[in-house]
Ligand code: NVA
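Listed next as structure tokens is one chain, alone, in the form predicted alone.
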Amino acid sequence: MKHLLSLEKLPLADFEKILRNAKVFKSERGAHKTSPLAGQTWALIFSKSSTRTRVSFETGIRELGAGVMFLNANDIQLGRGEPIQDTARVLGRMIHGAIIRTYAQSDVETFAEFSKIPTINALTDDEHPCQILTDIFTFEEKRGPIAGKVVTFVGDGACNVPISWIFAAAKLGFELRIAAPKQFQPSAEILKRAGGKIICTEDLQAAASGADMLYTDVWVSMGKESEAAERIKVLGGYQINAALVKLAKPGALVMHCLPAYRGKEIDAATFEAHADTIFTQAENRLHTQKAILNWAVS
């Protein structure tokens, strides 16, 4: 049985298989030769709101032949204090797989352990594996193999998205630069666990110089709203804009996992100049997650 809980724990061969199959699922959309989830029912269990994650997974599950149900944690007993292991054991006897978007990484791992059905991490405070698999697929679709390239992440470098980028860089052999204030850089413990060529710096211009991709995310992640004023103050200089793009390699991709707050982590003109890439990136959530679902049941 396969689970996608963390990029840190995903074997390289499986990483590469998902990326290869995402290309196939994209090219064959509407004419898939197989329905790998036929006769199954999958559940989306979300404690955090979502647009792209929910729509892409619901669509993908249906297109692969399965039924799908959306369960807001507040609408089931989990939201009233039922232990995650009890919810997992009940659902594990009724459904065929689960996609969970929540706060604690331990909840996803506990669910996978007790449910004994394929479980996919659709975002926790620790990691966002589906997003980074999508981002790498998008990069390689537009620019070829990511191995040996330079990816620069700008902003809050200690949240789930850059942490998943860290584990991906170590596995796939590209350089990751994280440009962030000291208090928003990843922990030494995570960097040591990952290995690879990861550079953390407060020097935004140096981090962007010669990069093949500039990438950013919101400054205020879900659950951090009480810190919004301080985060905006400290991260104010860490923005992707035209001046920063000029420092990157000619033709460098600008990517954002959305939602985007123009004027904060990216300015409006730069966002619109790179909108085709950013919305291709969003679309590719569907194709990559279909590849993940296929991998989970194969």
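Predicted model, so just to flag it, every value in this text is computed and none were measured. The first residue of the sequence shown is number 1, and the count goes up from there.
Just so it is clear, the following notes concern the form predicted in complex with ligand NVA, a form of the same protein that is not shown.
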| item | value |
| --- | --- |
| Per-stretch contact check against ligand NVA in the predicted complex, the hit in 156-164, 137-145, 183-191, 91-99 (non-hydrogen atom, 4.5 angstroms) | 156-164 |
| Ala73 within 4.5 Å of ligand NVA in the predicted complex, heavy atoms | no |
| Any non-hydrogen atom of Ala112 within 4.5 angstroms of ligand NVA in the predicted complex | no |
| Any non-hydrogen atom of Ile199 within 4.5 angstroms of ligand NVA in the predicted complex | no |
| Contact of Ile120 with ligand NVA in the predicted complex (heavy atom, 4.5 Å) | no |
| Of Val218, Leu172, Leu78, Ala208, the one that lies within 4.5 Å of ligand NVA in the predicted complex (heavy atoms) | Val218 |
| Candidate from Ala273, Met69, Leu258, Val234 lying within 4.5 Å of ligand NVA in the predicted complex - any heavy atom | Leu258 |
